[in-house]
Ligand code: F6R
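Only one chain is given next, in structure tokens, and it is the form predicted alone.
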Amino acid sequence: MCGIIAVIQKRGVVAPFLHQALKRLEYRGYDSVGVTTIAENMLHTKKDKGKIEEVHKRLNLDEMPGLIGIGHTRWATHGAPSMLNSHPHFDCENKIAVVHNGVIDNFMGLRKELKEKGHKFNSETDTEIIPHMIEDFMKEGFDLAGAIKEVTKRIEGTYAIVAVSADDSDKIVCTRDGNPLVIGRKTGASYVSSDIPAFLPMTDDMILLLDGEIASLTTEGVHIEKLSDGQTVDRDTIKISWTADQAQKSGYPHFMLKEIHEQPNAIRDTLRLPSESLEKAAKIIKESENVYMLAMGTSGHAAKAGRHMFASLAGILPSFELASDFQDTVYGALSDKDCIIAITQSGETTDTITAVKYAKQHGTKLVAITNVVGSSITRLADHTILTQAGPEIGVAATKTFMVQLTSLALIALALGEMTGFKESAEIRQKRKALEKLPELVSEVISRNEERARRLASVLYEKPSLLFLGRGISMATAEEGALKLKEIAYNHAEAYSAGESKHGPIALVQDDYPVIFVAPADDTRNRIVGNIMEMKARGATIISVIQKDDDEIAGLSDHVLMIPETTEPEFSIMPYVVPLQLFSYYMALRKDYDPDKPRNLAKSVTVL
């Protein structure tokens, strides 16, 4: 979840670059920040609790000497946000600096062992054991890379580790297991980071570092070895296809709003996925006895919508399971005849990766849907669908959710053609409707942005809201409620409208806000009955409806309008957009930063 950046270069001080790179990584964590550089065989460090610009205002992160340095922006796991718990962490002699993303499961035992040897600790973090262990191994004669290799033999858990040493100051050494690191290269400089945007303004040449590998970065190049046997790894660079400008706000006040507006183009780009890739995914699914969809959070809502698409278009109904609970619900009832569809925007979600590894032990096939080339999930998958969202910086997923839905729709159509569950003419009709969605979503944004802003100004003081839907719209309601919780900090509960009479209706009293997702599909008439039930108890009714639905508009206090109909299987895509906008404007009305929701980070890399 934390953000890591490191650079070594032939010319120019690195501190200003590290500062700016950390700002580009702040979506990964923002409760503390720190930078260490090396000059004249000494470590120079500035770090503190707070967001990057708050710390920079106090300490001036740009005024640090040196051609080599590391930086870190933290999402706290072990130890509360504080100056002492912020990274980098150091050895006893202040010669070694380490930044880390992940969790060291056995750190307590190792910390006790190190204390008995006389090591002094300043923080509550699991990370701090690493520089002290490196210190011991370097005293035994290992260089920095050799010492880190020895450390990896002792630690248990997940990690991305980057280290520098004042006594070995011509290199950066990094290794990973379960947490992302990518390397950037240009003439005279090398970079390593948790994510591409950190170094993208400097280079579009990327080298993937895989689990179980260690890399030494110098100004001349990168040397990668396997930890298991020391074998050298030769790996070509990859050209990054998106630009640095795409990872910036482009004039929008927040990344979230920019990314909501980028959704039509993201859908359009994903619609261009190669048919061969979609057909391969569909073939794996069709030939499987049992199909499981695994995901978490927003990706889980995409999976739930995907179940409806698969059932309606192809006659196949996968089981949806929370990845975090998969081992506890499947009880080993897996085989090599089964298939998992794992959905993760980052490709690094630890819950999903752990569940997938468990399933792979049983020979289960894996189709992965992710937005990040080279991510951990892609290396486990039998086949990967790479969505085309481009960079998404806002913590609350919007356009990555939309491209997951688009990818699932495309797979469902390919699967439907294979199973023959629908007539070919109907499949063609559905495909044409899908191709119109970029324009429809664009119109939904333009027609509802001001409506959403006004609605937020009416409801921003409400402590709790209820979201109701039926069929595929249940996933829409769940995603709308999640967005409101994530960035506006409202209690928001999503329920099946049909089940609302079995508990949630007890919450309803005068002016209690209830949001209905009510497309013009087979569930609409039943939704009308649910609206009347809530209205009879004094609820404030907010409905997301097709523009010509005068009946529901007449029953509602506020409406968000979808300008035209689409196929029921794809309704979630236009209907979720007004709810994204509503959550965004609720956060603004309450004076919260929608890009930096408290306690959340973009990629969840801890269990």
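Note that residue numbering follows the sequence shown and begins at 1. All figures in this text were calculated on a predicted structure; none of them were measured in a lab.
The next section is about a form of this same protein that is not shown, the form predicted in complex with the named molecule.
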Looking in the predicted complex, any heavy atom of residue 262 within 4.5 Å of the named molecule?
-> no
4.5 angstroms heavy atom contact with the named molecule in the predicted complex for residue 445 = no
Spell out, yes or no, whether the shortest heavy atom distance between residue 303 and the named molecule in the predicted complex is within 4.5 Å.
-> no
Report yes if any heavy atom of residue 298 sits within 4.5 Å of a heavy atom of the named molecule in the predicted complex; otherwise report no.
-> yes
Have a look at 99, 408, 396, 518 for me and say which one sits with a heavy atom within 4.5 Å of the named molecule in the predicted complex.
-> 396
Taking the named molecule in the predicted complex as the reference, which of 534, 215, 482, 266 has a non-hydrogen atom within 4.5 Å?
-> 482
Assert contact_stretch over 337 to 345, 126 to 134, 169 to 177, 147 to 155 against the named molecule in the predicted complex, heavy atom within 4.5 Å, equals 337 to 345
